[in-house]
Ligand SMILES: Cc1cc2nc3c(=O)[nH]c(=O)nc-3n(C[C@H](O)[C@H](O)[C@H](O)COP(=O)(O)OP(=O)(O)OC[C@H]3O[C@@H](n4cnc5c(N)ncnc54)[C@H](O)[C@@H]3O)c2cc1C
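Read the single chain below, which is given as structure tokens and is the form predicted on its own.
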């Protein structure tokens, strides 16, 4: 992990209240696995940094692509940053998907909302290793949908929207029964979605990436702790920012 002032080389709206931010610097060369995140200091007006998942890495250009949704004053202020501006970035942080340890042949990726972006970089990595990828992407409405064409370039894609304005009406859990043949699943999204996916795919090997507000982002403040599922575990908890955000579903209590 390092701290760096990275230069904004692209910044644009791609869906309702959702922005693509591309940053250039030396940090991308230190990204080890999909699922890691960076911690952004928007300005001195905001005490806490904002954790944002890494959606893509281009080692040749020295860039990381981030997608964020406007959730409050901090992310709203971030929308006003321009190409050429510099951002104080800490990262890459966290423990991502163990891409080099997988024995997967066909992967099912399940993402909801702003949990979709880290799965794109994962899908690219899985595909590069010869694995088949099927993705289920969930959004509130068609106005919130993004990156479907990018996922389609890597495999089959199913879209679900809460209001039915695109794809299947409902949630990602409504689409899962329509897909078969996968041996491992990977999911990122709201906790309620992860809980539903975990229950529906009980017995299937998988990995979940938990979204959570963070304080320090380096495991020192205990602001993003999740209960450990093993009652005999010595600690009894896991820190999402440093032990995660990626966990085995059976490891934590959602």
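Residue numbers count along the first chain shown, from 1. Values in this document were obtained by computation on a predicted structure and should not be read as measured data.
Another form, the form predicted together with the named molecule, is not on view; read the next lines as being about it.
The binding site of this unliganded chain is blocked: after the named molecule is superimposed from its pose in the predicted complex, three or more of its atoms come within 2.4 Å of the backbone or C-beta atoms. Stretch 213 to 221 is the answer when you ask which of 199 to 207, 213 to 221, 56 to 64, 25 to 33 has residues with heavy atoms within 4.5 Å of the named molecule in the predicted complex. In the predicted complex, the named molecule sits beyond 4.5 Å of every heavy atom of residue 181. When the named molecule is considered in the predicted complex, residue 186 lies well away from it, no heavy atom lying within 4.5 Å.
The named molecule is not shown here, and in the predicted complex it never comes within 4.5 Å of any heavy atom of residue 90. Interface residue remark: residue 73 is counted as part of the site for the named molecule in the predicted complex, having a heavy atom within 4.5 Å. With contact defined as any non-hydrogen atom lying within 4.5 angstroms of the named molecule in the predicted complex, 37 is the only contacting residue in 15 to 41.
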